[in-house]
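We've got the same protein chain twice here, in two forms, each standing alone as structure tokens: structure 1 and structure 2.
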Structure 1
Amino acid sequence: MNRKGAFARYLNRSGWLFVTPALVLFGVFMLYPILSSLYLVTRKWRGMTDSFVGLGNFVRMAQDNQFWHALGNNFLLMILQVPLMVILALVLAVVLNQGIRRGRGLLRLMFFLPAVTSLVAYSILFRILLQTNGMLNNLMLSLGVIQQPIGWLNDPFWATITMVIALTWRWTGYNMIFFLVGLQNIDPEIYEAAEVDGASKITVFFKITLPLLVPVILFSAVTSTSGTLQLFDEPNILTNGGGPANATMTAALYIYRQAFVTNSDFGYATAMSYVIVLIAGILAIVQIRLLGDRK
């Protein structure tokens, strides 16, 4: 009995030894910052020093139209981009999985390639490509598709379109992989049974394939939504700091600029970042609710 207790203690101690380095790092670089943000959020920067303002930062946030405009941009991009990308990824996955025999591996590789590039690298490439006097406008002008160069990055409307195009380019292949895995997990016998029953390909797609893919589609939609919420690299580089006229200013970029560029107001930036945590938390709950039941 005593020996058994000693052995259990030995195992328990070993367990702690294995997890300690990670837990120490977790405590220092995650838990401590989280707790210290509770202090930061009550402070306001005044020139040389900061002082206590209580909930003042949240009051200021409620009246800060620019912040809500930026958050609105996140939602606008979400609504425009996520459905477009999910549909494209679904089409590509279905065509790759069921439409062709040859070259499937190579095509899958090509579609996935954008997902391998860093956000900074593709933002720079797109910014050079889409300049008003840049290659895409020159090409379209010489082909006669357009009469005047398009302000891809200078016109508020076109800059939003540019963001949608860029995000779709970067993430469609990534989401396609999840759909491909989902398609391969569908039992082939279901299709054979449908074929025996004489169902047309269109019927099979809408009555069998699509319903079985719903969990993957939801996963992809929720993670993309959460990703769009945190957009930072693209608006900072591609549209050069959320321009033009804040048309592509996102919440994360606005928060960063409040803390590092236009002001050095960490307290206020922290207050706004709490809103982002709140929305991310709601999305996480939605994800668990939607997907947890189906497993």
Structure 2
Amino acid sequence: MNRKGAFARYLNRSGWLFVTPALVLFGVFMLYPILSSLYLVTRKWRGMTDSFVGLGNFVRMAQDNQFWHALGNNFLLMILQVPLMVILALVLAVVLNQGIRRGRGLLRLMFFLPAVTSLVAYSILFRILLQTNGMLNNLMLSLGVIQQPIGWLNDPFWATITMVIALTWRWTGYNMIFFLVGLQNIDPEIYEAAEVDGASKITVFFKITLPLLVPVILFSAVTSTSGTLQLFDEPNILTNGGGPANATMTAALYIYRQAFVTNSDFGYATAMSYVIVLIAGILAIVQIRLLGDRK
């Protein structure tokens, strides 16, 4: 019994020894920033000095029209891009899983590659292609599709469309992989039983495939919504920091400017970050309520 007890204590110490580095890193890079943000949110920074303002940062935020404009851009992009991307990812997954036999692996790789492409690289590439005298405008002009160049990056409307196109191009293949995994985990016997009952392919998709993919749809919707609320790289690089009339200015980009570019006010930036986290949490709860298990 004594040997077993000593061995158990040895294993316990060894276990703590292995997890200690992870705990230290978690404390330094996760726990400490969270706790320090609770302090920062009550402060107002002026250069090298700061003062206590209580809820003053939130009062200032409520009156900041630029912040609400940026947050509205986030919601507009989320409404336009997230449903489009999820639907395209689902369609591509169904086609690759059932409709294509040859070259399936190559097509999966091609659709997934944008997700592992550098954010900076692909943003710069899109910016070059979509300039007024860029390749896309020149191609459309030569084909007679348009009579004059489209201001993809110079017009507020087209700048928003450009953001939707770029985000959809990058993240559709990423979400497609999850749908493929979900499709391949559906028991084939379910489809065989539906075929025996005479169900059409459309009925099978809407009555069997789609309901069984609800967890994957929920995962894609929640993660995509959260990602859209944190959007920073694309508007900063692709539309040169917010685009014309700040049409693509996002909340994350505005927070960055407040913290590191214009005012260096970390307290105000922290307060806005808390609001973004709260909104992301509320949206996730709503999506889980709508798409989650109702049992």
Partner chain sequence: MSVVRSPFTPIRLLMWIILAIGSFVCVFPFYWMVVGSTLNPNAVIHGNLLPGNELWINLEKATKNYNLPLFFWNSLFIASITVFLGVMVNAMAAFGFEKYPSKAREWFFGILLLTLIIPQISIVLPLFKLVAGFFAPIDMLFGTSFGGLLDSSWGIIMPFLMSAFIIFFLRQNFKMFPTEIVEAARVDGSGEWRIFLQIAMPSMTASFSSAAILMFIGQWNSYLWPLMTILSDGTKTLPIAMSSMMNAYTIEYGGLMLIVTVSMIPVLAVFLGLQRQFVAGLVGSIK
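In this text, the rigid core denotes the largest set of C-alpha atoms whose superposition between the two forms falls within 1.5 Å. Please note that residue numbering is based on structure 1, beginning with 1 at the start of its sequence. A quick note: this is a predicted structure, and the numbers were derived from the prediction, not measured.
One of the two isolated chains is the form predicted alone, namely structure 2.
Comparing the forms between structures 1 and 2, the C-alpha position of V275 differs by less than 2 angstroms, with the core used for superposition.
Core-based superposition between structures 1 and 2 puts the Cα shift at V286 at 5.1 Å.
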